[in-house]
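Take a look at this one chain, the form predicted alone, written out in structure tokens.
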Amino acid sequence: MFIKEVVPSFVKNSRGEKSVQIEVVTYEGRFKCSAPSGKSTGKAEVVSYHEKGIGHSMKMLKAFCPKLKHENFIIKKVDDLKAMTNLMRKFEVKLGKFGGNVNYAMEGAFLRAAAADNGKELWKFINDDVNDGLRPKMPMPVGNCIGGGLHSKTIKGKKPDFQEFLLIPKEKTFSRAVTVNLRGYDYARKLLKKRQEHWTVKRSDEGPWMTSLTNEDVLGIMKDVAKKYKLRIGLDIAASSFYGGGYYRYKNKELIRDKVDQADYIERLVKKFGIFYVEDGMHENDFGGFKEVLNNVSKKTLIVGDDLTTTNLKRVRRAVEGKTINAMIIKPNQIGSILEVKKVVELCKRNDVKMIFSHRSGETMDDILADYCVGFGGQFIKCGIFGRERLIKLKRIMDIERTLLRS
């Protein structure tokens, strides 16, 4: 794969913030990838950019990218990216880290170029490597329907403490699942209008409805939506965002829970509302708390690590070996390396841990997450229900599904 040019630039994400885009030019064409940005981030995540900021990362890129010009890379599988990433690591020795978002964009652009060089779509290039070319199964979408926590604004001084109230279909096709989620999303709007006095239509970062209702009141709405459209209910509690000093500090109802109370509360909610999916129910270093919840809910319930695991192989191994989770979020820019993502995927598959490939709250119009999810064999993709940056990823999987149905 002969490199004609590598061009870095800035793009805006869904929050209007600067992000990095990399364009790789080869004889096969031009291949771009841009990086998302998280707001609710785990402490164990890699830093997004150089310690001096995104501007300094761009200065480094403008010095580094010309060094790739006229290089010839042989990339037949994901691990072959090492030849390029090793050059990045050598460059970082004197100038500091590029940052996880830069790595994400660079690796994504190179993988797209490599896939084209091998005459394949990206999902198939990855699938042929990691799954020996077996026909992939389509994931199910995990859609953010009603929001709270750090991603939402207060309405009359209140908002749910939990970050995301999710809808998860169980359909035969991905296309049908997306349609059902959209219908459930619209029905939730109608229920909010009925049940919250003077409610006005507002959406937060990722497109979900904003409200001042309590966690339990929102779950009541979610239960009605799920019943009407035969959907499953999920929660991203993001417990670390309201944890401090050994206690979980709830603002909507103004109460405090300790570790034991928090685990018990989650277990009661799961049973009362029939919740299928619980992400980050305990704070990010409470491996024991996650295990407590996992042991006291139905085996069919997914207890999901995100801030707990941060797509970090060491943390994932600790969580899996300690039997603290049975599912986990995979965010490639969390660890800043597709090579590391591949290792995490392999560990999950060996231990039957379900994988949810996830967007970030500050998303771009890039749809590479869809190819990663299908290619690596994720069971779910979490990329929202509403908003162009979310829908483009759903559309990409629908396009992949149509390709597979025709073959």
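The structure displayed is predicted, hence computed values, not measured ones. Note that residue numbering begins at 1 and tracks the sequence as displayed.
FYI, the form predicted in complex with 2-phosphoglyceric acid isn't displayed, but the following is about it.
Asks: Determine whether any heavy atom of Thr41 comes within 4.5 Å of a heavy atom of 2-phosphoglyceric acid in the predicted complex, and answer yes or no.
Replies: Close contact exists here: in the predicted complex, Thr41 approaches 2-phosphoglyceric acid to within 4.5 Å, heavy atoms only.
Asks: Glu284 versus 2-phosphoglyceric acid, in the predicted complex: is there a non-hydrogen atom within 4.5 Å?
Replies: Residue-level check for Glu284: no, no contact with 2-phosphoglyceric acid.
Asks: Do Arg112 and 2-phosphoglyceric acid come within 4.5 Å of each other in the predicted complex, heavy atoms counted?
Replies: Residue-level check for Arg112: no, no contact with 2-phosphoglyceric acid.
Asks: Against 2-phosphoglyceric acid in the predicted complex, would Lys159 count as a contact residue? Criterion: heavy atoms within 4.5 Å.
Replies: Lys159: no contact with 2-phosphoglyceric acid in the predicted complex.
Asks: Going by heavy atoms within 4.5 Å, which of 372-380, 31-39, 337-345, 57-65 lines up against 2-phosphoglyceric acid in the predicted complex?
Replies: Within 4.5 Å of the partner lies stretch 31-39.
Asks: Judged by heavy atom distances of 4.5 Å or less, which residues of 345-361 approach 2-phosphoglyceric acid in the predicted complex?
Replies: In sequence order, Ser358, His359, Arg360, Ser361 come within 4.5 Å of the partner.
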